[in-house]
Structures are given as C-alpha cells and as structure tokens.
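To begin, one chain is listed below as structure tokens, in the form predicted on its own.
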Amino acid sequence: MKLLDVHNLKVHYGGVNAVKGIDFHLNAGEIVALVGANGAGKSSTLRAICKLAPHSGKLFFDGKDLAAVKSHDLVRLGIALVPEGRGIFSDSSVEENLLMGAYIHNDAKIKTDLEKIYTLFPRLKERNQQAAGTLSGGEQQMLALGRALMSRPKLLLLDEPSMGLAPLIVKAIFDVLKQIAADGMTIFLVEQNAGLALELSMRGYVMESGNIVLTDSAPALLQNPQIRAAYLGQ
C-alpha cells in the first residue's frame, strides 16, 4: 500500500526551478533513499513534502490529499521531519526537547516513549538535564531523531543525517535507523552519502538537476556502474 504518493512535484524559488516535475512513492514499511549530488534538489523535495517550500503538484499521504493541510498539522497525520541542521531548542534541556516532540500526545505512553528513546540513545539519558546546545553535533543529531520519534510517526523524513558527523557517530545513528525500520517504520532518507543510504534502504531514487533520472532496488543501484562511478567513487 502506498503511504506517500507524489505526482508532478515542482519546487520553485523565484525564477529558479529546484525540482522540475517528479513522481515517486513510498510503500508502508519501506526504507527509500533519495540520493544525488549537492544541489540536485533532494532537500527541496523533502521541504515540499513538509509544506516548507513553494511548490506545485499532488501530494497524498495515507490516501489523504495534502493540498489544504498546513505544515504544522502534518505531524498529527503522522509525518515527522529530522531537518538538516537539526533544529533543536538549544536553551532547553535534552528531555524538554524530547517532550516537545510528543506535544500532540497527552497520555501515559509518553513516559514509555521517552524510555524507548533513552534505550536507543543512552547518551541522551546520561545528558537528559543538560542544555541541548551543549551537546556535540552527533548528540544533537541523536536528539533531533529522538524528538521526531516521540511523535510516533507513520513516516520519518530524514534530511542529510550524516552531514558533518564523525564515522563512528554516523554508524551509531544508522544502526538505530535499522532498528526502527525493523519495527516497521516507513523511512524516506535524503542523503548525499549514496553508499550509506542505499545500504540501509530497500529502494532508491537518483536525482540530478531537479529530475529523478533513475530508480531501482537499492542493491541494483549499488551495483550500477554509473552510480558506482558518480556517487561511490568506484
């Protein structure tokens, strides 16, 4: 079943067409990667899904037309974004940041959700009363991911989660993504590190200059000579 269905998506900033009319979909329970060079239109695609960029085209989520849905209402439908740059609340504590992710819920499960995040990210538990701005970049990325998961999303959108992070931290974050994917979470991953993204994913879309130029299973893309030459340095 299609959880996200996108038709003829265009994103435009003034006279610049960042995304030029693309079609793609995510099935429930899939991990799908959108890969491509810097400036290909990947983040603009994600921002359009979240109603954070000027766009046209048709977006359907869980069968619902998103045309009239405001960006701040998407989380109630089950869409959570881990943005590029993380967007944490620096002066609030780690735990306060996590609880902000659960603002749409008011039930006893919030405490259980919090403990799940602390199990996934023990570092956050160790630092739960620290100001979020005092965390390292990797810890802030963990916090941004944890905050998104606190909303209990049906669809998790990730924008460049490995950017600027040390390889060990990237591995820790992607190990967590594997865990939540194994539990059935649908994940749409925008990532410049094509090899990393495709190793995690089931399918992939390759984007160049605002267009989707190739789509296939992730294993097939990893073996594709063009992809290996252009994105994997092989």
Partner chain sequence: MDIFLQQLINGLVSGSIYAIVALGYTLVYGILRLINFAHGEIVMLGAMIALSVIGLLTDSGLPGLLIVSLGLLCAIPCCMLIGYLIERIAYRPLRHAPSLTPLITAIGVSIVLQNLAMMIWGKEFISFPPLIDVQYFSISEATINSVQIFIVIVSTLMMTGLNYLVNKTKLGNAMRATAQNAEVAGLMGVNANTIISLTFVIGSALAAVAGMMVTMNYNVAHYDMGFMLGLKAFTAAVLGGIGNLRGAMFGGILLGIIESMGAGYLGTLTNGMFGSNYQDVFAFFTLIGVLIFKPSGLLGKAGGERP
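Residue numbers count along the first chain shown, from 1. This one's a predicted model, so the numbers in the text were calculated from it and none came from an experiment.
There is another form of the same protein, the form predicted together with its partner chain; it is not shown, and what comes next is about it.
- Proximity to its partner chain in the predicted bound form holds for none of 116, 118 and 162, with the criterion being a heavy atom within 4.5 Å.
- Of the candidate stretches 46-54, 163-171, 203-211, 182-190, only 46-54 contains residues with a heavy atom within 4.5 Å of its partner chain in the predicted bound form.
- Although the partner is absent here, residue 90 sits close enough that one of its heavy atoms falls within 4.5 Å of its partner chain in the predicted bound form.
- Under a 4.5 angstroms non-hydrogen atom cutoff, its partner chain in the predicted bound form lacks residue 126 among its neighbouring residues.
- Residue contact check for residue 153: none of its heavy atoms lie within 4.5 Å of its partner chain in the predicted bound form.
- In the predicted bound form, its partner chain sits within 4.5 Å of a heavy atom belonging to residue 81.
- With contact defined as any non-hydrogen atom lying within 4.5 angstroms of its partner chain in the predicted bound form, 147 is the only contacting residue in 112-150.
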